[in-house]
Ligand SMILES: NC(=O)c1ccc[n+]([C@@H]2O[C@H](COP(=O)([O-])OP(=O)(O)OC[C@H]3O[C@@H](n4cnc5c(N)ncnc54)[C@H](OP(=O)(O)O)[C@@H]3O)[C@@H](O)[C@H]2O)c1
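First comes one chain, alone, set out as structure tokens in the form predicted on its own.
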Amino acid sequence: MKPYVILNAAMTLDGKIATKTGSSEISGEEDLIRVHKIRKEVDAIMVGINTVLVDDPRLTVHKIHAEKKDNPVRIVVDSKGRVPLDFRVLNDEAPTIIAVTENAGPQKIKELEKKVTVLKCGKDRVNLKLLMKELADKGIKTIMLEGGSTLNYSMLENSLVDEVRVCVAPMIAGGKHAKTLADGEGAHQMNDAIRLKLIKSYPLGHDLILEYIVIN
């Protein structure tokens, strides 16, 4: 048993979610509102530690009218427990779960546990399947996965994503070192690629929204 996971991202026409310098201002205001509506509907938002370190995000519902109770649980996949103690994801705006491994520093874990819930899942890397089971056991039924690119691929590779929703912006960033929608090791053959089925598409402002279900 696992939560229903929606991978959501904004990307350029060439599949970049950020430039080589980390700049990620891609979608328009209309899409930001769309994203926050989804945040309000789901039980949790999940991101990787690199996203937290680069953006220091709040991961709350604040682009539309919402009350504190509307904020989903924030989940950070952080194998080594690197999230800084003064970052916004640890504030009291919403509950937070930090998923770490057995190799995370015990002193840092103690400090984190004063602020948030810490789950140990795996030895060297967070075991995502185990994490999903533990989140389901905590009553989390729906998750919005907001990256980054390495976590996106790892979740897809482990067959843990149910839907993919992307906002495609009319721009091309280029750059071999720029982050794409899904990085990681990647498929060796196209026959091994993760297959999707388009279920909805529509323009939104200057952008294009594509919604898929994962079929394998």
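So that there is no doubt, residue numbering starts at 1 and follows the sequence shown. Note that this is a predicted model, so its numbers are computed, not measured.
The form predicted together with this ligand is left out here; the points below concern that form.
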| query | finding |
| --- | --- |
| Partner-proximal stretch of 111-119, 132-140, 90-98, 77-85 relative to this ligand in the predicted bound form, 4.5 angstroms, heavy atom | 77-85 |
| All of 5, 33 and 159 within 4.5 Å of this ligand in the predicted bound form, heavy atom check | no |
| Heavy atom of residue 154 within 4.5 Å of this ligand in the predicted bound form | yes |
| 4.5 Å heavy atom contact, residue 26 and this ligand in the predicted bound form | yes |
| Heavy atom of residue 149 within 4.5 Å of this ligand in the predicted bound form | yes |
| Distance check, residue 54 to this ligand in the predicted bound form, heavy atom within 4.5 Å | yes |
| The unique member of 49, 61, 173, 168 whose heavy atoms fall within 4.5 Å of this ligand in the predicted bound form | 49 |
| The single option of 73, 104, 128, 144 touching this ligand in the predicted bound form, heavy atom within 4.5 Å | 128 |
| In the predicted bound form, residues of 9-36 near this ligand [heavy atom within 4.5 Å] | 9, 10, 17, 18, 22, 24, 26 |
